[in-house]
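A single chain, nothing else alongside it, follows as structure tokens in the form predicted on its own.
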Amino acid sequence: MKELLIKNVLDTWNSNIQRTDALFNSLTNEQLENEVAPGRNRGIYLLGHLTAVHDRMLPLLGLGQQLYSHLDETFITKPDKAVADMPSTEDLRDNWKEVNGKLAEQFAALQPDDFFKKHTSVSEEDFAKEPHRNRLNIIISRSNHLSYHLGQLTFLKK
């Protein structure tokens, strides 16, 4: 049963990654400079934000160090347009692919029981009381987060 649950979660994660990849690949750099709706985030900001969030999953899941921790301030700590000097769209596209490739590689190396181990931001004591605070739950929540922003990004498609 564990294997089936993990497969369902990873299938959803991978589907969301593939759909988002396809959308990013279909959008020009100019389209990514647009706001998804008036007064909302720009596509380039969401590309950087999703990359930074996924990058932070590596240490959160105990799977390695962040690859691009310098993106945190621009795309997690600060809102869109608060930082004037942003990385290039091409760099962000490359970072997105590398981070998600690294996550896919790490997920494939995990054994079923590994998905039910605690993530690094929960203490042993809290995890004993709340075993749902595990790695698989992080993947579920980040998949939902990705799906939410994918919905916003579709408004850039013209």
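As the structure is a prediction and not an experimental result, all values here were calculated from the model. The first residue of the sequence shown is number 1, and the count goes up from there.
Below, we refer to the form predicted together with another copy of the chain, which is not included among the displayed structures.
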Among 26 to 34, 111 to 119, 89 to 97, 47 to 55, the region lying within 4.5 Å of another copy of the chain in the predicted complex by heavy atom distance: 111 to 119
So, 59, 77 and 83: all three within 4.5 Å of another copy of the chain in the predicted complex by heavy atoms, or not? no
Residue 131 near another copy of the chain in the predicted complex, any heavy atom under 4.5 Å? yes
Partner contact for residue 17 in the predicted complex: another copy of the chain, 4.5 angstroms, heavy atom: no
Please determine whether residue 140 contacts another copy of the chain in the predicted complex, using a 4.5 Å cut-off between heavy atoms. yes
Is there a heavy atom of residue 70 no more than 4.5 Å from a heavy atom of another copy of the chain in the predicted complex? no
Go through 1 to 26 residue by residue and record those having a heavy atom within 4.5 Å of another copy of the chain in the predicted complex; state none if no residue qualifies. 1, 2, 4, 5, 7, 8, 9, 11, 12, 16, 19
